[in-house]
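In the form predicted on its own, a lone chain appears below as structure tokens.
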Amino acid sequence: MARHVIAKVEEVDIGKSKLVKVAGRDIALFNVKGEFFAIANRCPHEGADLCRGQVVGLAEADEPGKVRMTRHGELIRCPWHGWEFDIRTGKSWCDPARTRVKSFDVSVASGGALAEGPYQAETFPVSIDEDYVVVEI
């Protein structure tokens, strides 16, 4: 699995999203309270761009008439028909066992760590002992 740099942290404000293209796939990147999540940008219902949907919370009720909002900013509502998906998992809130959008692992890394890369020559500790340079293998 290859790693791809898709955005700078400051490009996606808290509660906002950004559409990115990775290996030919449209991916919706979300910033939820400083954590980043990525899901496929296609609603499984009829293909709407989820990145254009409204980021919402979850309305819950224990009894009629007493609604409370929870999970603020953790669901995306499809802009065409209102289907809602958990941004963290891609699961549909209405039918989580059967309906979901693909989710992707996302991490934040420093630029230095990304530039370093895996291509490094083997190194050995070197010291100076009086007038001689000594390498330890």
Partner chain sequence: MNHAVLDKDTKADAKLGIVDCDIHPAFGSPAELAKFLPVRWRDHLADYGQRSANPVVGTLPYPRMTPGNGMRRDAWPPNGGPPASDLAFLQEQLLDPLGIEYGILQPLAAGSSTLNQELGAAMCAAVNDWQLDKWTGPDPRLKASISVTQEDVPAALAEIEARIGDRSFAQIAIPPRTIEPAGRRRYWPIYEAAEHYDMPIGMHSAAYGQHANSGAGWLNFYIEEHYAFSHSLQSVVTSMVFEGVFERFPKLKLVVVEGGFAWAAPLMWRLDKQWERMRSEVPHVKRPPSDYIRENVWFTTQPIEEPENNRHLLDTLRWVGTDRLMFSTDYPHWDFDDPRFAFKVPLSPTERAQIFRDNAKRVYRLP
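Numbering follows the first chain given and starts at 1. Since we're looking at a predicted model, the values are computed, not measured.
One more form of this protein, predicted in complex with the partner chain, exists but is not displayed; see below.
> Answer with one of 75, 27, 43, 32: the residue that has a non-hydrogen atom within 4.5 Å of the partner chain in the predicted bound form.
Selected option: 43.
> Using a 4.5 angstroms cut-off on non-hydrogen atoms, would residue 95 count as touching the partner chain in the predicted bound form?
Residue 95 belongs to the contact set for the partner chain.
> Please run the contact check for residue 80 against the partner chain in the predicted bound form: heavy atoms, 4.5 angstroms, yes or no?
Yes.
> Does residue 90 reach the partner chain in the predicted bound form if we count a contact as any heavy atom within 4.5 Å?
Because no heavy atom of residue 90 falls inside 4.5 Å of the partner chain in the predicted bound form, the answer is no.
> Closest heavy atom of residue 102 to the partner chain in the predicted bound form, within 4.5 Å or not?
No, residue 102 is distant from the partner.
> Out of 32-40, 102-110, 67-75, 80-88, where are the residues with a heavy atom within 4.5 Å of the partner chain in the predicted bound form?
This holds for exactly one stretch, 80-88.
> Considering only 45-78, what residues come within 4.5 Å of the partner chain in the predicted bound form, judged by heavy atoms?
45, 46, 47, 52, 53, 54, in sequence order.
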